[in-house]
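The chain below stands alone, shown as C-alpha cells; this is the form predicted alone.
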C-alpha cells in the first residue's frame, strides 16, 4: 500500500528530446517501479498556454506527450496518468491560492524573468505560473515532487504558499519535498555551452528520431580541436557532452568509455554514440508509433486517469472551500 503521493508533469509543447527523457521520463518510470509512491503524472497543457503556440496542433501535442509517457514505460494501471485541463479543480484552487500568494515573491521568480524577456508581450499566466504549479501539487497532498535544479525555486514557493495558507486557515496542505535525482546535463550538439532545446532542432536528439537522423546529427555535432576522447567539460565540452549521452543511454560509465575510445578517431567515437542512442530508443519508437496510430487508446487512458484524479482533487477542493468559508 502506497503511503505517499508524488506529482509531476511535462508540458505538451512539441516533441520530447533525450534531455526530457533523461531528466524526467526515465526517472518517472523508476519511481513508478519502486512502488514507494502513488504517482500522479500529468500532461500540463494549461501551463503550455503561457508561451506562443498553434491551437491547431495543441490537441495532437497532448496526445503525443501521453503516448510518450506510456511508450517510455509508464503503466496507466499503476500510475494516475491524466491531462491537467481535464481536472477543473486545478484552476479553481489556483485562483484561491492567487488570493494568498505574495506579489513580491512571484516577481522574483527567475524563470518568469527569463521567459518574459523572450516575449514581446508578457502575459499574466506566465507571471502566475508558479501558483498554478502549486495548485497542481498540493491538490493531491503530494509529499514528493521530482524536480531538476531549475524548478527548485518554484517548489520552494509552493512550500511557502502551503505554510501561509495553513497559518491563515488551519492545517490543510502538506509541504512537498523535492525529490532530486542525479540527471546528466544534456547540451546542444551544435553548441555544447547551451542546454539541448527543441527550438534548435539541429542540435537536438528527439526521442522520435530515426537511426539515420540520429547518425547525421551526432556526426555533425561540434567537437573540439585536438585528438583523443576524454571527459573535460572546460576544454572539450563537445566530446564531454557526447560522453555523457553515451554513458546515460548505454549504462557504461564515462570512465570505461574513455578507456575504450580514448585513442579512437572522433568519427569512430561518434558512430558508436549514435548507434547506442538509436538502440536505446528502438523499443520506445516502435511502441509509440502504435499508440499514436491508435488515438482511441490514448483517449481512454486520459479519461481513466482524469476520473481518478478528479475524485482525489474534488475531495480536497471541498475541504479547502469549507476552510475558506465558501458555501
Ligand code: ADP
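Quick caveat: nothing in here was measured; it's all calculated off a predicted structure. Residue numbers count along the first chain shown, from 1. Here, rigid core means the biggest group of C-alpha atoms that superpose within 1.5 Å across both forms.
Beyond the structure shown, there is the form predicted together with the named molecule, which is absent from this document and is the topic of what follows.
None of 276 to 284, 256 to 264, 56 to 64, 23 to 31 except one has non-hydrogen atoms within 4.5 angstroms of the named molecule in the model of the complex; the exception is 23 to 31.
Though the partner is left out of this view, residue 148 does reach within 4.5 Å of the named molecule in the model of the complex, counting heavy atoms only. Among residues of the shown chain, residue 305 is not one whose heavy atoms approach the named molecule to within 4.5 Å in the model of the complex. Proximity of residue 197 to the named molecule in the model of the complex: non-hydrogen atoms within 4.5 Å are present. A residue is said to contact a partner when one of its heavy atoms sits within 4.5 Å of a partner heavy atom; residue 83 fails this definition for the named molecule in the model of the complex, lying far away.
The contact with the named molecule in the model of the complex, taken as any heavy atom within 4.5 Å, belongs to 186 out of 87, 139, 186, 229.
Contact annotation for the candidate site: 10, 13 and 19 all lie close to the named molecule in the model of the complex (heavy atom within 4.5 Å).
Once both forms are overlaid on the rigid core, the distance between the two CA positions of residue 241 between the shown form and the other one is 2 angstroms or more.
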